[in-house]
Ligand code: EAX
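In structure tokens, one chain follows: the form predicted alone.
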């Protein structure tokens, strides 16, 4: 009787162990990932690529729920939620991130980058990787640099061909001191405003214009409320995939590698979408009725912003700025 009982208990224990192991293998964590633009935007495509790679790399143990169009709040709110662990991940621009990690503000300096090749080499190289590492101390895990793109000016008042043409315009900007200091040198009146409020502000004439990369101008349908587009390329705007430390701390070393590789894949997908929008978006926006200046007098803007570089050198260090400019 005792032997039979013991055998039964052993079998039951073995069965329970198998069930627990099976349940553990099937356990699934759903990650909330948010971003400011539509699902079919460059942000959305990057986030989807990240989530698909994480799902595949963890055999379905981690999946994502997408929250596009600021449905979890603006970028500032999403970054705060990632810090707190109430949101798992976000794909955000440096414009907002600089308020949490001051070191990244250096990449927001106007006319710091020559072109996309230069910018991407900086962000993927030692300088960009060092900036990613600075996020950890601020309660943010930076997985990889994605991309927003070179920023251009739109407005409803007049064509902007040179810096002088921008003088006096009330322009929505991000809550970013580096941007605002630079734009003031163009004679613009910078008006910081959270992105979810911008379309209505442009529609109602609260501000005359805004500045953003072509992919954002397209996905936000700004051609409906803005008549003029000037390809000023005045600031390169990186973006970054960030993860909550609450999630990162639970990952095995193998899963951390999966998440990091997935973020790099997302960066490649997001940058390709930026390239495609840059190549095809101008014709689309012109078809929508926008008047577009593709040959802006960039030298007038660079000359105007030169005095601001004195303040930038004090804040970030002239050698640091020069090291970015020197990347080939």
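Owing to the predicted nature of the structure, the values given are computational and were not obtained by experimental measurement. Residue numbers count along the first chain shown, from 1.
Same protein, other form: the form predicted together with the ligand, not shown, and the subject of what follows.
*Asks:* Only one of 167-175, 81-89, 138-146, 101-109 has heavy atoms within 4.5 Å of the ligand in the predicted bound form; I'd like to know which.
*Replies:* Contact criterion met by 167-175 only.
*Asks:* Find the only residue in 216, 160, 188, 242 having a heavy atom within 4.5 Å of the ligand in the predicted bound form.
*Replies:* Exactly one listed residue reaches within 4.5 Å, namely 216.
*Asks:* Going by a heavy atom distance of 4.5 Å, is residue 150 a contact of the ligand in the predicted bound form?
*Replies:* It does not: once the ligand is placed as it appears in the predicted bound form, residue 150 has no heavy atom within 4.5 Å of it.
*Asks:* Should residue 208 be counted as a contact of the ligand in the predicted bound form, where contact means heavy atoms within 4.5 Å?
*Replies:* Residue 208: no, not in contact with the ligand in the predicted bound form.
*Asks:* Would you classify residue 43 as touching the ligand in the predicted bound form, given a 4.5 Å non-hydrogen atom cut-off?
*Replies:* Within the cut-off, so yes.
*Asks:* Within 4.5 Å, heavy atoms only: does residue 37 come near the ligand in the predicted bound form?
*Replies:* So residue 37 counts as contacting the ligand.
*Asks:* Given a 4.5 Å distance limit between heavy atoms, list every residue of 88-105 close to the ligand in the predicted bound form, or none if there are none.
*Replies:* Result: 93 alone.
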